[in-house]
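Single chain ahead, written as structure tokens, the form predicted on its own.
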Amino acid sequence: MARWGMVINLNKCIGCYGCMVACKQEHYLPPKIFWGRVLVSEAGKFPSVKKLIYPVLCNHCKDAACVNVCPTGASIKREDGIVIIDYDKCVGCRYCVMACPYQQRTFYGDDSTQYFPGQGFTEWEMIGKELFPLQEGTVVKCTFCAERIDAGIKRGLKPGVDRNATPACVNACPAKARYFGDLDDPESEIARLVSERKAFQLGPEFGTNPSVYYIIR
């Protein structure tokens, strides 16, 4: 069984927010809900100031704290390493929100919020409620586009290689800063990147062993 993961090359990332937009489009996410974000900061003093850009998302940790604290079994770690949420089991207690050291979970508390308040849901919002319905009072987060991966594999496609089996944020990145694939396959591109490019995980001190890695060269 594969263990899906992602590598992000910070030197290639230009902070265009294309990944954030692609994620919202892919999952028809409502206002104020983001499953991926781009954090931007600055370091140093003039004239040697450096802009720091960190794209972040659910790390789909191998030892996921969110799964361990869920009292109802709603947070599930699949055999392929993807962490998902069963909305029917989620009671909105938000233990997982507090447990996630990367702050990548969001409580979805209002299903009536519209992109254009007072004008009703747009056609796009209505389609989203049918194709990717979220449930009010539950916690939501990035799924690594598990539905694309599952459907792609059924068609004989390879995640990370074939676009139709690869997360939307990876496909949308104009700088090709994102890589996706099987971390446990030593012949995969991302496994080689992790071993050969000194890839690192965010917050290793948390002991959760994220499946998202970063490289800086």
Partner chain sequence: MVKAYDWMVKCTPQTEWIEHKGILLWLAFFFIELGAGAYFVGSFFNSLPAKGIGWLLCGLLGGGLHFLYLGRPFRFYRMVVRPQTSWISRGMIFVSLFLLLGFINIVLGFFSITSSILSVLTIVLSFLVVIYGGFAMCCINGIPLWNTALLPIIYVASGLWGGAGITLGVAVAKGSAQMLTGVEEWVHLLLISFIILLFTYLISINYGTIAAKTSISEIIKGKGWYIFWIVVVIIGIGIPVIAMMTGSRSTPAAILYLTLLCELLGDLGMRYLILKYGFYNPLIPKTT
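Every value quoted in this text rests on a predicted model; they were computed, and no experiment measured them. Numbering follows the first chain given and starts at 1.
What comes next is about the form predicted in complex with its partner chain, which is not displayed.
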| property | result |
| --- | --- |
| Candidate from Leu183, Val67, Ala172, Ile153 lying within 4.5 Å of its partner chain in the model of the complex - any heavy atom | Val67 |
| Heavy atom of Val49 within 4.5 Å of its partner chain in the model of the complex | no |
| Any non-hydrogen atom of Thr138 within 4.5 angstroms of its partner chain in the model of the complex | yes |
| Interface membership of Val161, its partner chain in the model of the complex, 4.5 Å heavy atom rule | no |
| In the model of the complex, Gly73 touching its partner chain (heavy atom, 4.5 Å) | yes |
| Stretch in contact in the model of the complex with its partner chain, which is absent here, among 39-47, 144-152, 23-31, 184-192 (heavy atoms within 4.5 Å) | 39-47 |
| Every residue of Trp4, Asn9 and Cys13 near its partner chain in the model of the complex, heavy atom within 4.5 Å | no |
| Those residues of 186-209 which, in the model of the complex, come within 4.5 Å of its partner chain by heavy atom | Phe200, Leu202, Phe206 |
